[in-house]
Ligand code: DGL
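Okay, here we've got a single chain as structure tokens, the form predicted on its own, with questions on binding and movement later.
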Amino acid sequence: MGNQSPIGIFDSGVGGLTVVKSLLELLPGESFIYFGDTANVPYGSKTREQLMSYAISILNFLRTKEVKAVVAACGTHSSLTLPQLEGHYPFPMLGVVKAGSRSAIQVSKNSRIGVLATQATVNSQAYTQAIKAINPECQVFERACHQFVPLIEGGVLSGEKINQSVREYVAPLLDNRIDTLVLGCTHYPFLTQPIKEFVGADVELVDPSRGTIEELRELLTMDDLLEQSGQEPLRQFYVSGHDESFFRVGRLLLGDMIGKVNKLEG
């Protein structure tokens, strides 16, 4: 493991590509290996035991690739498995919850923060705990969004189904007078436009991906692991299940960069 080693990034499917997009903007010279666990998407309804099994399998795979750091580009894993697995692998790991929480506190003016997330993340209260650990005065309102991930994984990013789901999940948060809304699942920034159109200009949307990569940059700098050779970066994509939808939806976000998706069997 050294400066030229890749960064491992994983999620249940295409959602973590929003983190990849921020990585390309902030650390364009870094190599990365992305793993989308499409065989098990969506994660929100899975048990803690199932999620732990998935995380261990993915991390063991990334270890074989000699990654220098791992980003759990998934709100569910960041909430439930990462706290238990940190320190058990030879590379540093970070998630999206802490970065998203810090960003939300920075932009909120009335300290009333809404969070859209998976059921598993909402059940864990990870965002509420992280936000209140920084500012106990904040009021946090979390809302589980069961339909978002299946729609996004299926390539449905706009239209009446999306608009209806946005109304169903976001309206109760607006009733609580939030001025900041955290997109607490990395899939959800795919729906930034319909969500923004519904909440209006008075509510600030927070995508945790940028803050996560800023945190990663600090970590790599501190450990003297930033890529400095100037060599062409390695960029690989792996999935555990269906690759057609991943390829199609992923290219909407990253374009031609996703030229090949490697499907792992078993």
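Note that the structure is predicted; figures quoted are calculated from it, not measured. Note that residue numbering follows the sequence shown and begins at 1.
Keep in mind the form predicted together with D-glutamic acid is missing from the figure; the text below concerns it.
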Note: exactly one of 178, 149, 191, 126 sits with a heavy atom within 4.5 Å of D-glutamic acid in the predicted complex, namely 149
Heavy atoms within 4.5 Å of D-glutamic acid in the predicted complex: does residue 186 have any? yes
Wondering, does residue 41 line up within 4.5 Å of D-glutamic acid in the predicted complex on heavy atoms? yes
Considering only heavy atoms, tell me if residue 118 and D-glutamic acid come within 4.5 Å of each other in the predicted complex. yes
Answer yes if any heavy atom of residue 71 is within 4.5 Å of a heavy atom of D-glutamic acid in the predicted complex; otherwise answer no. no
Within 4.5 Å of D-glutamic acid in the predicted complex, counting heavy atoms only, one of 21-29, 240-248, 253-261, 7-15 shows up; tell me which. 7-15
Mind listing which residues of 69-100 have a heavy atom within 4.5 Å of D-glutamic acid in the predicted complex? 74, 75, 76
